[in-house]
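In the form predicted alone, a lone chain appears below as structure tokens.
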Amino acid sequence: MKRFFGTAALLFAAAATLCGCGMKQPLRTQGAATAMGTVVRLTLYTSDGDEDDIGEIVDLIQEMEEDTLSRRLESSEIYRINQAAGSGEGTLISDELADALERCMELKERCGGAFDPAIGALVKLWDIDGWASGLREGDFFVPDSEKISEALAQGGSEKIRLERKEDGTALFTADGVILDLGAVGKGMALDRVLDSLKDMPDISGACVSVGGSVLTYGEKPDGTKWKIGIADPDDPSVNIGFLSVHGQWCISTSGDYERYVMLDGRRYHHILDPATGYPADSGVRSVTVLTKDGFLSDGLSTACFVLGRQKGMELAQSYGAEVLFVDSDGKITMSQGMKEYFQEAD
């Protein structure tokens, strides 16, 4: 059963068009659904306009949340790992999650701790997502500094140990550690979708967005570029510009305007700084990363946001990724390579 069709999704298939030689052009199919706590939007160009392709891709994303990434669903690996923290027994995990955790720990090392997959206790304490979505009742309040210090002391990926075995990989976490892969989860979903698209020969082109992370794949029938908007942090309903790309790319944006609450004129957003325990305050409003790898685009956008423009630029370039910053004063700064793809809005 396709869970996709049980959502409040919009789905339609465009009529086929004919080229001058009488050959049928690929059909465009579009859809929208909810997964991983955000909106998933898809545009596919297929030989037959089969709507099941949309459902299969959304199912992949939903399954990643349910089977692997969710902190709240008992069916997920992350949930079981967090429940077993401090037990000393370890938890057998999938190769996909083991590889992701190894990459998380490498990224943490290379960015000096600006990104950390083991700050779930801090994320849970602030629960900006809950407040921003209206799921939390009452008025928002800033956590007590002592509680923030306690949450920081609970975390840290140095308290994680992966042990490769013949029958799989076991993960050991110290007591109190809560894993949260929200900063790379949407990028991981894009990587899974990309692998699936490669096995779907009827799809000649696709654009899939999972919240602030976007995958482009293949080509449009008319040969034009994929055009990805970059929101204005002051007014996210309009774009400051666009990235125009051909073929397969992953684009992720992290910004303080996505999920936040206001208190006494101050914005408290969901991107937390593992060094301070508070929402990152690095002088930037948003960071967009362009690379071929979904995991990296997502993780780097978070790490670069926390680091700020100068150190973030250095980090992105060390990975061979292109990056664009929007500072708190609205100034746009980008890597040299990003200039090839960015076009400022009129």
Ligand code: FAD
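Only a predicted model underlies this, so the values are computations on that prediction, with no experimental measurement involved. Throughout, we count residues from 1 along the sequence that is shown.
Keep in mind that the form predicted in complex with the ligand is not shown, yet the notes after this line are about it.
Residue contact check for P274: one or more of its heavy atoms lie within 4.5 Å of the ligand in the predicted bound form. Taking the partner from elsewhere, T302 is found to have a heavy atom lying within 4.5 Å of the ligand in the predicted bound form. The closest non-hydrogen atom of S70 lies within 4.5 Å of the ligand in the predicted bound form. The closest non-hydrogen atom of G241 lies beyond 4.5 Å of the ligand in the predicted bound form. Using a 4.5 Å cut-off to the ligand in the predicted bound form, not one of N82, S87 and K159 places a heavy atom inside that distance. Heavy atoms within 4.5 Å of the ligand in the predicted bound form are found in one stretch of 121-129, 169-177, 192-200, 215-223, which is 121-129. Distance criterion of 4.5 Å from any heavy atom to the ligand in the predicted bound form singles out T38 from the list S47, Q30, T38, Q317. In terms of contact with the ligand in the predicted bound form, the residue from L97, A151, A114, I230 that brings a heavy atom within 4.5 Å is A114. In the predicted bound form, D298, T302, V306 are the residues of 292-318 with at least one heavy atom within 4.5 Å of the ligand, listed from first to last.
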